[in-house]
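Given next, in structure tokens, is a single chain: the form predicted on its own.
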């Protein structure tokens, strides 16, 4: 059960610490079902914090974007911690960033928020169109309680639950410095039904499926920009010398773009679904990513973002790793 009073008290205590520069959480948005990130620097800002089924965004993205070195001339780097509210999938991103040395453990304070599943914003806005004033949503027993301007509505959770939550095996933060409330049961079963359905098709059918999707890509890079694991300062997708991927928006370059991004996430994707959520063309990017997640899990018994003491997947080796697929 979400305890907002406890959240606010923890937030006030956190930002009052001398070793914390700010806390990143969620706040009510300015319209409809949208919420916004909140960079909280003062204790009184705690009243703005929320945690609800609307808190879809993975805030771990900001850990590698908040402050970039070098600092301005004459300034000293601020080495205080950043406090971060995380759901289960978000916490896996933090762990993976720690594994890869993208961030340092002493630079982050993790506030764990066990999650009962977030809304699919497209589904809820389709069901309740034309809502402009901010809407509050709460969890109920196997349902969402949506407090609309004309009164509350109760909707079965399965009807509006985000797809990533249907597959989620880790709704509870895998790492935290503070856990705000009791753990919840996982919804996902790890069966990868979406991937297996596509695997059962022949190669031509699979290519036709992806050709149709990639042709509609507008190369806006929203998927990369929202991904908490795409934080390289020198991204291969942006290089001009050598230029690996051209800016042309056609099926060839779009295919290279998506395959390059997917393979850069092998053993790193923590299945938060942010890439697919922000895609304006509705590409099923998580089907592609989860195919590689499944291969890594099946062949190497490896899942990223679970153990901060582990090694990155592609720098690890075990004598019993399968080799029968190597030509």
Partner chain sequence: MNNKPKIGVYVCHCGINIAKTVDVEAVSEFASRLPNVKVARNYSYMCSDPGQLLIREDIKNEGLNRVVVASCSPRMHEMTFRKTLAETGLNPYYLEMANIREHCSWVHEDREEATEKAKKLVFSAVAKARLLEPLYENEVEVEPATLVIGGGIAGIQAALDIADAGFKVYLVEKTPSVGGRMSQLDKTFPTLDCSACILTPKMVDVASHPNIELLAYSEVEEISGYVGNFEVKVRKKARYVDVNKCTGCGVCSEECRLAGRIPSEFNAGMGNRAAIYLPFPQAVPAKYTIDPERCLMLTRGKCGKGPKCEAACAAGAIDFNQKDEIVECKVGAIIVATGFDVFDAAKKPEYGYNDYDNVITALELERLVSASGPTGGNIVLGKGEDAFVPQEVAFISCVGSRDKSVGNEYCSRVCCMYTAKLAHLVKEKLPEANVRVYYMDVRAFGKGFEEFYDRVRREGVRYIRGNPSEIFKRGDKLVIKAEDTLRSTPIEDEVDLVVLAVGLEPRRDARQIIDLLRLSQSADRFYLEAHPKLAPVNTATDGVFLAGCSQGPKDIPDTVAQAKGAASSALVLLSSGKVKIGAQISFVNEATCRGCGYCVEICPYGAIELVTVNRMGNMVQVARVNEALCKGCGACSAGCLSGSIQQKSFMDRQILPQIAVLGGVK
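Model, not experiment: these values are computed from the prediction. Positions refer to the first chain, counted from 1.
Separately, the form predicted together with its partner chain exists; it is not shown, and the next lines address it.
J.: Choose one stretch from 86-94, 110-118, 173-181, 242-250: the one whose residues place a heavy atom within 4.5 angstroms of its partner chain in the predicted bound form.
T.: That would be 242-250.
J.: So in the predicted bound form, does any heavy atom of residue 231 sit within 4.5 Å of its partner chain?
T.: Residue 231: contacts its partner chain in the predicted bound form.
J.: Does its partner chain get within 4.5 angstroms of any non-hydrogen atom of residue 315 in the predicted bound form?
T.: Residue 315: contacts its partner chain in the predicted bound form.
J.: Hey, in the predicted bound form, does residue 105 get a heavy atom within 4.5 angstroms of its partner chain?
T.: Residue-level check for residue 105: no, no contact with its partner chain.
J.: Is residue 100 close enough to its partner chain in the predicted bound form to count, meaning some heavy atom within 4.5 Å?
T.: Result yes; residue 100 sits at the interface with its partner chain in the predicted bound form.
J.: Scan 261-288 and note down the residues that get a heavy atom within 4.5 Å of its partner chain in the predicted bound form; none is a fine answer too.
T.: Contacting residues: 264, 268.
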